[in-house]
Ligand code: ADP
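Listed next as structure tokens is one chain, alone, in the form predicted on its own.
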Amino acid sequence: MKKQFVVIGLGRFGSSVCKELYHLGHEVLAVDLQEGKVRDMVDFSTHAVVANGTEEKDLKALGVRNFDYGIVAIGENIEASIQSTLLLKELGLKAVVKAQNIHHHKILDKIGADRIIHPEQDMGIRVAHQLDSEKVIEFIELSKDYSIVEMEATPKLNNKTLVQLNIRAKYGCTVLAIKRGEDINIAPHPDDVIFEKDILVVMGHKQELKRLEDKGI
């Protein structure tokens, strides 16, 4: 399902999330005060603009109140990060915010940030895949083309065996394990039954995993 994201702050983390969300087919508005950073994202976003993510008038002029998510990836300026988060929440967006430290995290939590992260550079891709689908719990990139993901089983899979689902034949993906509460079934048998809310640990090509997320799970 296509979603709308505004990414405020185009440093390493912000640009990484922006590029991957755009690659996944979502509408992405890239925002930064530095013209050079904005220019670098023109080919990796739906729109890239020079604007102040801490100014209500700028955000309203960009129409961000119609977006689903606001990703605050502002660098070391904690005050600006907090201000931007508050504005996004007031405008009705879900706020995903990069925290600089535990004190920053606590403040963001108190003002209602929906998700708070402490990323390294490579975390951008993982977060983008998690935001792309509510079904994806975790994402591990094995290579440029292959990944391992944890997906939550929907009612569509309830009380069906792996052989009935035929995931390998239909989607070219392999179910490595099934997690149910505190229990984990390593190398599950074809006759093992899946229940709603089970976590499937699946390995495959990124395109096939995406197809499985959209149609199979």
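Just count from 1 along the sequence shown to find any residue number. Because the structure is a prediction, the values reported are computed rather than measured.
Just so it is clear, the following notes concern the form predicted in complex with this ligand, a form of the same protein that is not shown.
- Within 4.5 Å of any heavy atom of this ligand in the predicted bound form lies no heavy atom of I71.
- Contact check for I8: a heavy atom falls within 4.5 Å of this ligand in the predicted bound form.
- Heavy atoms of R12 reach within 4.5 Å of this ligand in the predicted bound form, making it an interface residue.
- In the predicted bound form, this ligand sits within 4.5 Å of a heavy atom belonging to K37.
- With the partner removed from view, the residue among V175, L33, A48, L62 that has a non-hydrogen atom within 4.5 Å of this ligand in the predicted bound form turns out to be L33.
- Note that among 89-97, 71-79, 106-114, 143-151, the stretch whose heavy atoms approach this ligand to within 4.5 Å in the predicted bound form is 71-79.
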